[in-house]
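What follows are structure tokens for two forms of the same protein chain, given separately as structure 1 and structure 2.
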Structure 1
């Protein structure tokens, strides 16, 4: 009964959130465009599918992903796993004792990003409109590496307790510098890549990891230190995607003179 009650409450909340979107679309179609809704039956069935899918997904987050992230943070920071008290004689947390936390954060950031549906959709569209210049797997791996780097650095920030804005300011300075030198065609895609990573799969696990880590590391405040990992997950993919484009351009330019010289000899 607990599961059924939870699903019913989640279904009601989902319907409450989705209904305004449906009302806006139908209102514009009927009142502004003054045209009938095509395939109304199929649209209704699709709406029901969306409600069921979102309900099951949100219920799964509450019962699986959020507890899993907190549990992993608790286990990786327990004194039994670390082999003793992680606090030094000066009262400071020894950041080097949490190496496995950084490794787990990077791995979970990389894996969840590869599975992110929004990123897959953007990568497929990018390959289609670029004529194959932007590869689906190239873009996905570049973004996943950025999220992995960002989440690992974010967990280091939580462990050390250093201010969040130092990292964000430094990161955006790098982004601005890269924007000047990166190929113009990749810049809008790189900026969008930072946004699509913070979606349905990545956010729940990363947020749960940050909250769990802040609640278990000595001297950390959940409200102050527990949040901020999503900002890292949004920022660093911009850096890695532009770096990927810059490296690709450099590699192509390096081999182009050799090919041109062979053509001239022939």
Structure 2
């Protein structure tokens, strides 16, 4: 596909995705609120920027990153790369053979999350709302570490074939315990960061990794074991963001012993 066709195609798909939002907003604006939006012209230009930006972004990913990333995911999980027969004499899968897969999962999870536009949006908003106590980069790195940890553990789960819900339920228990101790003001942001991590950049690559792994590891069913990586990637950022807040609270408490550290975060 040449560049112009690809761009037109992506623009159409983006418009299709954005249409319901526009319809709902305009519908309520005209029928219910009956009030003009402040700076309507400027906002509209901004909205067009978002459309253009998303189109270029997705078309670029489709051209550069996705084919290569998916190819790499398949190559790393193929028996050739793993050095012949990954099944030991007892017919068991040795999880140690897949170390590069875990490293790749963590690295690509971390890197794609840093580029995730939805996360940038939430981080920008959080910084402005918190008056700078939550920093854009601090939050984004915390979330990216969570995704890295989650996806790496998720690939380990696919290799070993253990049930998904044990991991997720254990993750919930950690989240609940952390909620008790974390600074109150970070909790909603931490819970939100679970949902924003997995969108345009991360999902296609992580899904390709999961499906590639489930189809090459002996004894795994693609349809049953191939899923679940996204669930890991949405759970672990909650843990790391709360940990980030706990650490920075502890840090500022240590360096300014006079101040009440609980109020610092607000």
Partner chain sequence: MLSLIRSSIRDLLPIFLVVAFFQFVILRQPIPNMDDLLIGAALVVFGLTFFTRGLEQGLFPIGESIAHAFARKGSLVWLLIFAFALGFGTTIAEPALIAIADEAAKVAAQTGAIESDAASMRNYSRGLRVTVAFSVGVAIVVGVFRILKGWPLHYLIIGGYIGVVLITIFAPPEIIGIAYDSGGVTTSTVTVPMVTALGVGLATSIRGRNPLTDGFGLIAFASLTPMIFVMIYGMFI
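Think of the rigid core as the biggest set of C-alphas that the two forms share within 1.5 Å after superposition. Positions refer to the first chain, counted from 1. Remember, it's a predicted structure, so these values are computed and weren't measured experimentally.
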Problem set entry | Form selected (criterion: the form predicted alone) | 1
Exercise. After a core superposition, would you say residue 248 shifts its C-alpha by at least 2 Å between structures 1 and 2?
Worked result: no
For this session: Note yes or no: does the Cα of residue 191 move by 2 Å or more between structures 1 and 2 after the core is superposed?
Result: no
Problem set entry | Core-aligned C-alpha movement of residue 74 between structures 1 and 2, 2 Å or more | yes
For this session: Report, in Å with one decimal, the C-alpha displacement of residue 20 between structures 1 and 2 after core superposition.
Result: 4.2
